[in-house]
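Have a look below at one chain only, the form predicted on its own, in structure tokens format.
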């Protein structure tokens, strides 16, 4: 079996794939030249304004592990450790804004663990992030400070020939939609990919480990710190630069599972297609037929997204989606599945698919067990002759408040009832301003069903579509 797999994999020219997915020489020269120019610009502006700060290149560009077309440049601006955080933020943002302005780029303020400046300069996305130049995790003052340590660790421990292995792993993960630690995805970060290559040795060894060895609460501890049991995430990868941090903290169980299955599928039937985006044949009529064939009831709730960063928007959408599902279940409607999508600027869609959306007039309301006389008396005083005994428990047949799921959803999204839902205040305000509830078929017939939304529906109906070729 092992010999057969080796022979089969030899049919794939990994060197050819690397040549396609790695940056071109011209691309590398552009990124290197722009990075140097940005660093010099930041340092010159700092010097002219008597600011004690120094720029440094970090991230995948600095480590040589970036994919073709993904040359995002991360410039970290280091301030002395004895400078207070307010000073760091004020002057760090000043240097970011002034540098982007002098390079004639577009730029804006964003927030992560603390504010930073992001911009588009010469076609490349640039981040200017103020930080402290810590030498160890013990000096940590903000979450971004580790990034310099991460860059130094990878540059020191990732062998030159392993950089291509990182590119293969990243590209494979991208094509099966398990790459990116952003909340929108919940997948593997670039740093995590690099650590996996260092730990297992190669792209294929990572896939073999995932396919055959990984288990629930998998622990990977590159430097044997012994702190893996301190964490309860689906996967634990101890940061070699900080024994108290799990690099895989943002990784969801869903994406771990999808990567494991994709790895098994590839090893069972290796194809070069796994390193390139799968082309979907999305047909509106077929989507309609598939929803019709399910014989369920699907509602869409649509509203404008609040003007907040994407990292804040997606958790709020997911929380709202989950809360809607929970309140529907509490009212005895049966939720088959839910989903959500946004273009981040004009529209949010929350999809609620029900397999029970109409309910009878009456419902059973379960009361106390007969052994509790005090609780029994309160129950009987409220329900009187409607109450009866079922086994050793009091039950009352009562009139149901909501018999129709759509009417319930509309009511729950009103000013008087919206407090029963759990979500971020930003989304709550937008829903109260304006929202629409529409049946899936009505929406599919409208001119609002864009190509991106069709893709969302297709992916909802075919959840494993990217995991095999």
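Positions refer to the first chain, counted from 1. Here the structure is a predicted model, which is why all the values come from computation and not from measurement.
One more form of this protein should be noted, the form predicted together with another copy of the chain, which is absent from this view; the next part is about it.
Among 284, 370, 280, 120, the residue placing a heavy atom within 4.5 Å of another copy of the chain in the model of the complex is 370. Of the candidates 74, 98, 145, 258, 258 is the one whose heavy atoms come within 4.5 Å of another copy of the chain in the model of the complex; the others do not. In the model of the complex, every residue of the candidate spot (214, 337 and 376) has a heavy atom lying within 4.5 Å of another copy of the chain. Contact annotation: another copy of the chain lies within 4.5 Å of heavy atoms from the stretch 329 to 337 in the model of the complex, the single such stretch among 152 to 160, 329 to 337, 242 to 250, 100 to 108. For the chain shown alone, residue 403 is a contact residue for another copy of the chain in the model of the complex, at least one non-hydrogen atom being within 4.5 angstroms. Although the partner is absent here, residue 231 lies well away from another copy of the chain in the model of the complex, with no heavy atom inside 4.5 Å.
Another copy of the chain is not shown here, but in the model of the complex it comes within 4.5 Å of a heavy atom of residue 293. Although the partner is absent here, residue 224 sits far enough away that none of its heavy atoms falls within 4.5 Å of another copy of the chain in the model of the complex. Taking a 4.5 Å heavy atom cutoff to another copy of the chain in the model of the complex, the contacting residues in 430 to 469 are 463, 464, 467.
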